[in-house]
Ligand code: RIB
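Taking the form predicted alone, here's one chain by itself in structure tokens.
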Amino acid sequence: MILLALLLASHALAAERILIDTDCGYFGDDGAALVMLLRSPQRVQVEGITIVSGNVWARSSARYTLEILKLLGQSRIQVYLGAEMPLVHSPAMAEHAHKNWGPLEFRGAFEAPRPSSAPPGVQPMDAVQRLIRTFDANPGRITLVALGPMTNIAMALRLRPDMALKIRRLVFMGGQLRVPGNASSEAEFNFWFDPEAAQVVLRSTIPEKIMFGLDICNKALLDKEGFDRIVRTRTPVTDRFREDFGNRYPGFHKNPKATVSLWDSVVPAWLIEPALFAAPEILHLDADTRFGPSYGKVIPLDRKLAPEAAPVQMMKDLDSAKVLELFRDLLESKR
């Protein structure tokens, strides 16, 4: 028993401190990612959550995030409201793209009206200042986990470029290099929603950038059988998962042949069990910010434009069966 206690203590000391930036919707891949991270305290310690518009508007995302934290008994975690709009992109631009270069598969928050007020319980300090203060106080000690568009992060880096070298590492879901997009045919949604922010981050000096794009996320697919296995366990979390994945997207109840990528949930799988992933490819990457059919597409970086940019570690492959098993186990857990 003493040895077990010592082992548990050593795991707790080794937990990676993380700050999560998310555009969490009702549940989806972001909500599942939050569940996975918060149910793995031996691996990660969540320092706070910042909210950005993407899948839904930031104010809606803050409400959904607070609801999920309550289901997990984690209401002590502070949630900070961030950017309401991308740096440049807008609903009118998305509509123009849809009509002229479309069709767009998913427009996220652009498809809905913006809420007029933030939910109670959201911290008054905005997300950008939370990012800056966190990394100022903990240089080189905290990992930034980005699960949505990078608007908050880009704004913080523009205000305080020196913050880049204070981030231990950036682990993000976004972009794609050698496969089609899932917002437009050319771009992954998180990068498409705010290409200018993605460009700022990719060109930054953040020393370690670990990318989970569609190239790897497309290899982690949940089907109806996996969905059914999770919802057989009845908990507040699986009930919310059932409602979202069953009746909303991908709608397993109506379309039993559907499959859906784990997307953002692949990031916590790597943080929790990195041995399930193959070595990355080291590249210098950029985001296409020219408003046109390839808006938001990942492209090779012209090093003359950003000579100090740190490279990106693009994750390419994973043990899909074991990643799905980890996903199921953490969502089914009654902890």
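Since we're looking at a predicted model, the values are computed, not measured. Numbers follow the displayed sequence, beginning with 1.
Same protein, other form: the form predicted together with alpha-D-ribofuranose (RIB), not shown, and the subject of what follows.
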Do L131 and alpha-D-ribofuranose (RIB) come within 4.5 Å of each other in the model of the complex, heavy atoms counted? no
Indicate whether A154 is a 4.5 Å heavy atom neighbour of alpha-D-ribofuranose (RIB) in the model of the complex. no
Any chance N55 has a heavy atom within 4.5 Å of alpha-D-ribofuranose (RIB) in the model of the complex? yes
So, N182 and alpha-D-ribofuranose (RIB): in the model of the complex, are they within 4.5 Å at any heavy atom pair? yes
The unique member of V145, M211, L214, A127 whose heavy atoms fall within 4.5 Å of alpha-D-ribofuranose (RIB) in the model of the complex: L214
Spot the stretch among 183 to 191, 72 to 80, 240 to 248, 116 to 124 with residues whose non-hydrogen atoms come within 4.5 Å of alpha-D-ribofuranose (RIB) in the model of the complex. 183 to 191
